[in-house]
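Before any questions on how it binds or moves, here is one chain, the form predicted on its own, in C-alpha cells.
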Amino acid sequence: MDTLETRELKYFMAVAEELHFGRAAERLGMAQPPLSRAIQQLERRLDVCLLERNRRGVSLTGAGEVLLREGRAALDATTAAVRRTRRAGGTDSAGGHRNRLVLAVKAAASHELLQKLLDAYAVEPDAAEIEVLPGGTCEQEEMLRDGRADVALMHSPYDSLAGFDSEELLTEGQIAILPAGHPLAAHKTLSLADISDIPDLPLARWPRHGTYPPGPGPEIHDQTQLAQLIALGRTMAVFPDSARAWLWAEHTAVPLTDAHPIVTHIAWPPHSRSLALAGLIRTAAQL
C-alpha cells in the first residue's frame, strides 16, 4: 500500500503531536475508541509500528518520527494547493478574474525595500494585485509552505530557505533597539557581549516554531507590544538596520559591530508557474 488518505494523516498527526489519544481525540472532535482503531488500521496497512504504547504513555517509534515529518509536509502541501487554487479562481467586484499575489513580510523589517518593490512592480504591464501579509519573526517560511502566501521576503540566517527558490536582494548590518534613556543608548556602537545578560534590560523573546527560547525577557506577540515594552524600559531587541523605519521617539538604535549581516531574499515555491509571480521576482531582482 503506497498511498495515504488525508484523513489518516490528520489522525496520526494529532496523536503524534499530542502523544496522548484522549487529547488527540478531543482536538479532532471525535471519540477516542475510533481514533485508536484508525491508528491501528494504519499501522497494519503500512506494516510498521508507528507508536509505542505502555503504562507511561505514548511515544513515537523511528517510523513514527518519519511519518510525522513527512506527513506534516504532505498536509502543508495539500493545504497550500487548496489555498492557491482558490486564489487563482478569485473574481473582482465586476465578476472578472482577479490576478492576485500574497506577499508575506516581517512586520518590522525591510520597509524601504518593500515600498520600492511595490512601487516598481505597480507600473509593470499586467501587474497583479499584491496583498501584503505581515507576520512575526520566522512566520514567513510557514506561510509560504502552507499556501497562505505565494512569495515572501525572508531573512537569512534566521529564516530557512530550504526547499524554496530565492533571489538575494539586500545585505545589511544589525542594530540594538534600546530605551532612549538607558545608559547603553549613549554608545555609538555596541557588541553582542555588551547587550547580553543585562539584568534590567533582558532581550525580548520571539516565538520560533511554536515555542519561545529560554530566558528572562518578555514573550513578544507582535511589533506594537515590543515597541511599547522597549519604550517603557522593560526590554531590548536586535533587528536588521532597516528596522529604524518603525522606531518611536522613545527608542534609540545602536549599531552592533560584531553581529552577522542579515541578507534579505525574495523566496517562492520552486514549482510555481505563475506569470504574475515571475514578473514580481523579475522586478525585485532589478531593484
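It should be emphasised that the depicted structure is a prediction, and the values quoted were computed from it without experimental measurement. One-based numbering along the sequence shown.
FYI, the form predicted in complex with a further copy of the same chain isn't displayed, but the following is about it.
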{"item": "In the predicted complex, segment of 46 to 54, 258 to 266, 241 to 249, 217 to 225 with a heavy atom within 4.5 Å of a further copy of the same chain", "value": "46 to 54"}
{"item": "Candidate from 213, 89, 183, 157 lying within 4.5 Å of a further copy of the same chain in the predicted complex - any heavy atom", "value": "89"}
{"item": "a further copy of the same chain contact at residue 67 in the predicted complex, heavy atom, 4.5 Å", "value": "yes"}
{"item": "Touches a further copy of the same chain in the predicted complex: residue 187 (any heavy atom, 4.5 Å)", "value": "no"}
{"item": "Residue contact check: residue 124 to a further copy of the same chain in the predicted complex, 4.5 Å heavy atom", "value": "no"}
{"item": "Interface membership of residue 193, a further copy of the same chain in the predicted complex, 4.5 Å heavy atom rule", "value": "no"}
{"item": "a further copy of the same chain in the predicted complex - contacting residues of 16 to 38, heavy atom within 4.5 Å", "value": "none"}
